[in-house]
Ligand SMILES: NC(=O)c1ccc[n+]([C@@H]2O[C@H](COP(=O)([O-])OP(=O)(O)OC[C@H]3O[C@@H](n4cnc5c(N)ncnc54)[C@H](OP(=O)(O)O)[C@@H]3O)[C@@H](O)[C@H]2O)c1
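Only one chain comes next, encoded as structure tokens, the form predicted on its own.
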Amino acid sequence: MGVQGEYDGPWKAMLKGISDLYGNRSNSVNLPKRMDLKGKTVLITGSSSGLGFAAARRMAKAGAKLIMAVRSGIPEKKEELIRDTSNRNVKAYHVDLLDFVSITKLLEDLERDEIKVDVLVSNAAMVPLRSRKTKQGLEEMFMVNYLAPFHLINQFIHRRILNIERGKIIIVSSESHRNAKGFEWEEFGRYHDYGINETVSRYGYFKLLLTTFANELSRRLDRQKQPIRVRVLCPGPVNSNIAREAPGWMQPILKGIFALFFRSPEKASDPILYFATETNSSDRPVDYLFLMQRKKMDQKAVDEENGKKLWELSERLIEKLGYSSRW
């Protein structure tokens, strides 16, 4: 497997994340003193907890019409946001990103309710203890962290659920997208057994796929002269429940490390809020922030040939399962 690197184990990845977070760096961008999202409809996947919930709360406070696309937390998390922000323009839709049937149901529900999204935040992700199969026979982390976002984002464009005049797509990736030494083209989409020691490197590899997709998506939108902008970010290590499947003996250790060294979900959501509120984005079809520092993405993710190949393989796999991600 071509995925070994700096994030090839949970402890090594944790130390790398802490080192990156506390390294000597200055911000490239800053949040505006007053964030205003009035008149904007924002949809966030995975927004019932952690980073997604923190971003949702801040956007609701900024006046956005907020849509939570979540697998759990309906209606209690929606009601919590309304109480916390006094913004009653909050809706919640169920979606299970492990299941194409559920994704299709979400799309149909949004079309039925005539929802037009200005800002789509693809945030949902998972770090399982070990590999597991979905209903369609795919590996769970591959599905949630890459293939479901690929399909969902493309369907938002195809069905015109995303506002094609002023739409923005914000993709939560990771600096670990730099980890893999190459792509596993011959193994693409095949179920692969792995355990806890390989989970972190697989996570980074799927973030490489996601970041490569983001670059290819931006190129295709640009060729069609569509003004939709693509934004990619790494929030840094976040004190969230993403490692909730870790073994029981590891949980107290992780919770302690997360609390001491990792960023709060609210602070970690800064780059999401920056991209959602930026107004001078027309000159940047695609952009990447690590924390609040503008960086170049890994060259493998930027390479146009990699983007084309990944897109073709992704479309072919989805069509084999009886669905389509074409525009």
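Numbering starts at 1 and runs along the sequence shown. Because the structure is a prediction, the values reported are computed rather than measured.
FYI, the form predicted together with this ligand isn't displayed, but the following is about it.
Query - Output flag, Ile161, Ser218 and Trp311 jointly within 4.5 Å of this ligand in the predicted bound form, heavy atom basis - result: Result no, not one residue of the spot touches this ligand.
Query - Cys234, Ala214, Ile169, Leu208 - the one with a heavy atom within 4.5 Å of this ligand in the predicted bound form - result: So the residue touching this ligand in the predicted bound form, by this definition, is Cys234.
**Report entry** Listed residue (Leu97, Leu120, Leu147, Ala180) with a non-hydrogen atom within 4.5 angstroms of this ligand in the predicted bound form
**Finding:** Contact check passes for Leu97.
Query raised in the report: Which one, 97-105, 182-190, 81-89, 223-231, holds residues whose non-hydrogen atoms are within 4.5 Å of this ligand in the predicted bound form?
Result: That would be 97-105.
Report task. Verify the contact flag for Tyr274: yes if a non-hydrogen atom of it lies within 4.5 Å of a non-hydrogen atom of this ligand in the predicted bound form, no if not. Result -> No - in the predicted bound form, heavy atoms of Tyr274 and this ligand never come within 4.5 Å of each other.
Report task. Indicate whether this ligand has at least one heavy atom within 4.5 Å of a heavy atom of Ser28 in the predicted bound form. Result -> Heavy-atom contact with this ligand at 4.5 Å: absent for Ser28.
Query raised in the report: Are any of the heavy atoms in Asn197 no more than 4.5 Å from a heavy atom of this ligand in the predicted bound form?
Result: Answer no; every heavy atom of Asn197 is more than 4.5 Å from this ligand in the predicted bound form.
Requested in this report: Considering only heavy atoms, tell me if Arg71 and this ligand come within 4.5 Å of each other in the predicted bound form.
Outcome: Flag for Arg71 set to yes.
Query - Sequence-ordered residues of 46-63 touching this ligand in the predicted bound form, heavy atom within 4.5 Å - result: Residues within 4.5 Å: Gly46, Ser47, Ser48, Ser49, Gly50, Leu51, Gly52.
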